[in-house]
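Take a look at this one chain, the form predicted on its own, written out in structure tokens.
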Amino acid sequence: MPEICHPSFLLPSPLVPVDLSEKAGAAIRLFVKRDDMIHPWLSGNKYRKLKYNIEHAKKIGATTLVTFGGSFSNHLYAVAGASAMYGFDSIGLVRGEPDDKNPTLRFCRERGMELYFLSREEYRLKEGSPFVRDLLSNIDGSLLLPEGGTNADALPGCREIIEEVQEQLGYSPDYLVLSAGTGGTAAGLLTYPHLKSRIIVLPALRSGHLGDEISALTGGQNTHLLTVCNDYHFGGYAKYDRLLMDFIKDFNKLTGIDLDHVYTAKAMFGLLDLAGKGFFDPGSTVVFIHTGGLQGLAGLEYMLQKKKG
């Protein structure tokens, strides 16, 4: 199947060494897979998940991409960007109230996405909501994408991260470490044939069943290589504290790499904490997959300014 491409895409995304051995307290070789650099509009795991969904949309002749997301959703942002780049109309079904100053929603509108705002009850029902059913019934040529973008077409694009990493390193890393929401990126990695790397997932929200959900997505492939560490969510989805915010600043100062407060900062914090506790074998090659989400930093700044009044 031909790859979706754009002249401004940075592919393969860079794999950069990061020397944090003193901070980690362990002798590991740490690299960061900079998927956040693929494209300003369509990057990180959102590029990976949407890649073959867009190919599928083209194949079936869809003209409109429809999806769900919260007010600061990376997924909404990426679908709006991808739709503008590849000539689709787009509709975003948003949990919450309209806010003209919200930077994520403003970007979506500027890329041509039509936004509808749902109550929390309607949003929980998703396509089962009477409003959403009526809306979809009146749109010809629509393709409905799930919240977060995780479906069968999302997995192959995520799996390709391993091919890139192996080519860039010249060997298979011992560990691949990443954040997770729905678990789709981790599931894609686990479907890689002859997988040799251990997959370490640090969820961004409290979850006692994410491992089972990832296993279901993969059909049980390679789940003996999966470890889910639930200790680094910092209180729940999109929650943060001064410790995490200071870590983001410190990490950027040391490496020049930005992390977001919802996903990647929590996962990198967890990686370094686990390293200091001896989780990784000495001398191991550890690759941290930067899953993007940096657009959310503008949303965080916006919310902080609103609180200040």
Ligand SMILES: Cc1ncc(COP(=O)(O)O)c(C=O)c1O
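Quick note: we count residues from 1 along the sequence shown, nothing fancier. Keep in mind that what you see is a predicted model, and the values were worked out from it rather than measured.
Beyond the structure shown, there is the form predicted together with this ligand, which is absent from this document and is the topic of what follows.
Discussion item. Residue-level question: is residue 182 within 4.5 Å of this ligand in the predicted complex, judged on heavy atoms?
Written reply: Heavy-atom contact with this ligand at 4.5 Å: present for residue 182.
Worksheet item: At the 4.5 Å heavy atom threshold, is residue 49 in contact with this ligand in the predicted complex?
Response: Residue 49 belongs to the contact set for this ligand.
Worksheet item: Counting only non-hydrogen atoms and a 4.5 angstroms cut-off, does residue 292 reach this ligand in the predicted complex?
Response: Heavy-atom contact with this ligand at 4.5 Å: present for residue 292.
Practice prompt. Please check if residue 211 has a heavy atom lying within 4.5 Å of any heavy atom of this ligand in the predicted complex.
Written response: No, residue 211 is distant from the partner.
Worksheet item: Which one, 226-234, 118-126, 88-96, 172-180, holds residues whose non-hydrogen atoms are within 4.5 Å of this ligand in the predicted complex?
Response: Among the candidates, contact is made by 172-180.
Discussion item. Going through 129-150, which residues have a heavy atom within 4.5 Å of this ligand in the predicted complex? Please give them in sequence order.
Written reply: The stretch touches the partner through 148, 150.
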